[in-house]
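Below, in structure tokens: the form predicted on its own, a single chain.
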Amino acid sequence: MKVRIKFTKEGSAKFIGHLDTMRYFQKALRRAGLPVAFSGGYSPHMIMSFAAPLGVGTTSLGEYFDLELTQTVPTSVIEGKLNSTMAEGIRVLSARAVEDAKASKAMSLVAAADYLVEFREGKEPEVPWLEKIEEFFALSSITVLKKTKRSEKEVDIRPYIYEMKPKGSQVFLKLASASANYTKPELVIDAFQKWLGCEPKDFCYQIQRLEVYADTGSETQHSFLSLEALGEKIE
């Protein structure tokens, strides 16, 4: 049985890095007593695959990993057993059975993600900015200097910003998140501030990831569906 787990990462848990989050769930699964499948060979390990890694310091209401079990377990039982072992700031929202024929590993499915970005107190742009968001989003091109481990190059990130709008005093973003076009929310808001004529201040954002999506559409017409929606409950 292949299961997709959706969980939150809030509070002090936002400072736990991706590898430590993986180790945390490996221990939690053992405590929960679930029939987890292991790989073969001399160094067997739990068969699990996490979706898009979350940056340290970013909170989330929609993180995912896939897990293989050796037998069928009701999804409500999986949720209950895991939540009985969770530490503060991490909570399992759902467990869904996923057929291999319909969905591959969570990481390979990721196409987009939703974010809320909020400026820390005293670090907002020094010009009126909320009413400028839609004008910025309407630009045909947004060129930034994107750094990789080996080089720097200019990239037009506008095709990878699927949605951008004010939400109260925050900015809502839907951004490309596939490995080939992964776009950080900080990169977009930095570009927005520079377009406003402001220099971004250090540590000026609080970011929350809201959801992660697969793209069930085509190259020309996106159709985003949450990773959770690709699975189903099992009674």
Partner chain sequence: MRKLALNDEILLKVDKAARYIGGEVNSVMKNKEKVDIRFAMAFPDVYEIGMSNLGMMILYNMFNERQDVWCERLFSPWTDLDKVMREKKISLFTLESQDPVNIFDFLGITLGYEMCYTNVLQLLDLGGIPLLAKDRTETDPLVIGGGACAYNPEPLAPFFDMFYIGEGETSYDALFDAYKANKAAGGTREDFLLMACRIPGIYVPAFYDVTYKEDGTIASFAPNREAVPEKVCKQLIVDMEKEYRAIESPVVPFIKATQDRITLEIQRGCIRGCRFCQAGMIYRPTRERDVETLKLSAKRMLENTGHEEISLSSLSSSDHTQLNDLVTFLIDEFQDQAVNISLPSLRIDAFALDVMSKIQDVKKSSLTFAPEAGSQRLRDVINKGLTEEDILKGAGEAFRGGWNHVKLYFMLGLPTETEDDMKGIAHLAERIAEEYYEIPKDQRNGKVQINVSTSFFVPKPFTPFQWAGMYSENDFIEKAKVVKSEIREQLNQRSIRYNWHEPDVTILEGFLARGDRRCAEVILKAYQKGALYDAWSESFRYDIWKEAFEETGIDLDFYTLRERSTDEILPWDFIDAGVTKEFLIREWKQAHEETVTPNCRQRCSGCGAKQYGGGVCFESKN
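Remember, predicted model here, so these are calculated numbers, not experimental data. Residue numbers count along the first chain shown, from 1.
Beyond what is shown, the protein has a form predicted in complex with its partner chain; the following relates to that form.
Taken together, the three residues K147, R158 and E163 lack any non-hydrogen atom within 4.5 angstroms of its partner chain in the predicted complex. Using a 4.5 angstroms threshold between heavy atoms, Q26 counts as touching its partner chain in the predicted complex.
Though the partner is left out of this view, I16 does reach within 4.5 Å of its partner chain in the predicted complex, counting heavy atoms only. Its partner chain is not drawn, but in the predicted complex it has no heavy atom within 4.5 Å of W195. Residue contact check for T216: none of its heavy atoms lie within 4.5 Å of its partner chain in the predicted complex. Between its partner chain and the residues S49, Q170, Q206, N181, the one pair within 4.5 Å by heavy atoms in the predicted complex involves Q206. The chain is drawn here without its partner chain; in the predicted complex, the stretch among 67-75, 86-94, 109-117, 150-158 whose residues come within 4.5 Å of it by any heavy atom is 86-94. For the partner-free chain shown, just K123 of 123-148 comes within 4.5 angstroms of its partner chain in the predicted complex, judged by any non-hydrogen atom.
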